[in-house]
Ligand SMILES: Nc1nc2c(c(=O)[nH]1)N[C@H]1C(S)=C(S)[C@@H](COP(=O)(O)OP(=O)(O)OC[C@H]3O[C@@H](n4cnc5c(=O)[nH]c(N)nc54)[C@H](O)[C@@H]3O)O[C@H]1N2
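Take a look at this single chain, the form predicted on its own, given in structure tokens.
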Amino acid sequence: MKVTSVCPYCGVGCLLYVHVRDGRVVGVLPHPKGPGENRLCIKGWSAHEFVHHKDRLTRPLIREGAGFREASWDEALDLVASKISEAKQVYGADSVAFLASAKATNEENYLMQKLARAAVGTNNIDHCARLCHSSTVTGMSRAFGSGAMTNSQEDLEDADAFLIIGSNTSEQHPLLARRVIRAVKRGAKLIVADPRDIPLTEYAALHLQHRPGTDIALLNAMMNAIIAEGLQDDAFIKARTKDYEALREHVQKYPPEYAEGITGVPAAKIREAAHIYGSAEKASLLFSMGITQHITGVNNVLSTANLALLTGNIGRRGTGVNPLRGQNNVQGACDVGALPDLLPGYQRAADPEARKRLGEAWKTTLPSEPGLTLTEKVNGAGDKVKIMFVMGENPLMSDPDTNHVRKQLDKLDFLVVSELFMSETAEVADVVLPAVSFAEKDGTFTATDRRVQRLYKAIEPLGEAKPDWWILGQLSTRLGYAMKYADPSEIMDEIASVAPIYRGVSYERLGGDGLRWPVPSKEHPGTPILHTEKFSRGLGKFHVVEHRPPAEEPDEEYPLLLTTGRVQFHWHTGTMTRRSPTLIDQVNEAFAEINERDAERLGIHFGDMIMVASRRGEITLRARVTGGIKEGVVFIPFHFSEAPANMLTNNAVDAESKIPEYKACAVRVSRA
């Protein structure tokens, strides 16, 4: 038997068939529909391998002394409900905090934010978009009125030029990178801006190897050169934008020669990149966490929007500003309201009319004060936050400054974790609830291009594990706010009734290639391209943004700059991929890339064990000496718990979006 589902890894959202034999998942095959177009990357081909792993959690666990004991669902949920009720009564509703999950379905994330707001009475709901794309939502909303990928994956192949900045697309989003490669082979020109050689660099007409944290200077200099050449789209600027003159005047301060001193990119290359992008009929800009994970994350995003507005590359096939979501449902979790200041459909929690509409639908009064962000929840643990419920996330691996996170979680009165495996965070919880994998439930994920797609239950849950939508409904009912649904389709119908961008979405309509929001009615076919006639905010807005260095720059004690990211064979904190035999056969050891000239100075050779230290901690791992990374920069992937990169990273955050600066901090390297 084969059952249609959606790959549980990156935001591309490839459809696949789950193969079932005798009640067990035995393999997967690519699906002819959806963005993958009958193909999968190596992670997709291996997506079934963790489902029946011996480490799966199958019964609720309650802490007893230094360990755990098994419990019934009634005992575990009664305990959680009593602790939440007690904290709410003694300290107030805002003493309880919830972390939703970019790995859970839309329906489950919707219920978690509804549980927080309607059952508990707090806006303390957030998820890992805070750590990857919160700056995207803030920045693109200010520039365009919407914080999502402007174009569909398919129409990227119509581009004449690409600027990929801060995204290792070929390893993070392989099937989307394949479209870029096809366009390049057809004649499109590719510019890659990255401190490392990445696989896509092989196809690039130009590689801008800039220093981490200098994106604004680079983009401002490109705009300076575009205006100097007269390549700006004056007609588009006049008809569809505002505040151009302020931008034009500002970027005069950033001639390529000036930016060269900041970025390390030769001025001639900056001019060449500007000419390629500015002279293209259709230019597409793609970015990911190399843009967003900085203390200037919002301004970095605004710079990408400025470049697209300047050249009129918005609202047409083959154009756009296209943030690539790293997790399978980070887009959907944002869409359905798993954010402390936004209700389902990006309605503002501070808006009395929005609260009134949703309150009437939910038959309750909603809180008006914005909740704490993920980073604020962790920092407030033991003080403002007494209880935390974490669904399918692993802050002890994914959050910056791991030692700080551990100390903060230890201050909580009570920690609940819903998980597939005993993650690093689950190990310190008071109650662990066994959830189910993508193969054991129905629901929807929303891909990086706003595409809502169905996943279908292929097997029964393992042991006593339950889907998160069931867990959350049971808990809410125990808290005195009944949430009873027969199946996830009823939850999606409710989402459609309260979130205007999902108004026309239903399970009956999600066959084939899914639907891209906004879908304003049951008859609407979806919206492949945003901002075709006008921007969601009316006129697209230019923003003046200034280069600002990272919060922590190299010095005599810590002379190198660390940046972090993913590798092709693993994903996020490794909870699933490092239980996949195929993937651990490829890579199963932490490593640090270091430039060959830096390595020579330090007496380090390829394969040596080295120590990398920052002001927050130190880790030991193997050296990969290469000429493909910028001198002065060290790269470490964040998948490996035995050498966690986030032991080193800085928890300084962007003032607006509160996203941490994972992509730049000072380190020193020595032989171990």
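Numbers for residues come from their place in the sequence shown, where the first is 1. Model, not experiment: these values are computed from the prediction.
Omitted here: the form predicted in complex with this ligand. The next part is about that form.
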> Applying a 4.5 Å heavy atom distance criterion, does residue 653 contact this ligand in the predicted bound form?
Replying inline: no
> Taking heavy atoms only, is residue 336 within 4.5 angstroms of this ligand in the predicted bound form?
Replying inline: no
> Can any non-hydrogen atom of residue 77 be found within 4.5 angstroms of this ligand in the predicted bound form?
Replying inline: no
> Within a 4.5 Å heavy atom cut-off, is residue 210 in contact with this ligand in the predicted bound form?
Replying inline: yes
> Of the options 263, 575, 319, 220, which one has a non-hydrogen atom that comes within 4.5 Å of this ligand in the predicted bound form?
Replying inline: 575
> Taking this ligand in the predicted bound form as the reference, which of 563, 113, 311, 150 has a non-hydrogen atom within 4.5 Å?
Replying inline: 563
>> Check for me: heavy atom within 4.5 Å of this ligand in the predicted bound form, for each of 171, 194 and 570, yes or no.
In response: yes
>> Using a 4.5 Å heavy atom cut-off, which of 500 to 508, 129 to 137, 277 to 285, 83 to 91 contacts this ligand in the predicted bound form?
In response: 129 to 137
> Listed by sequence position, which residues of 85 to 106 have a non-hydrogen atom within 4.5 angstroms of this ligand in the predicted bound form?
Replying inline: 103, 104
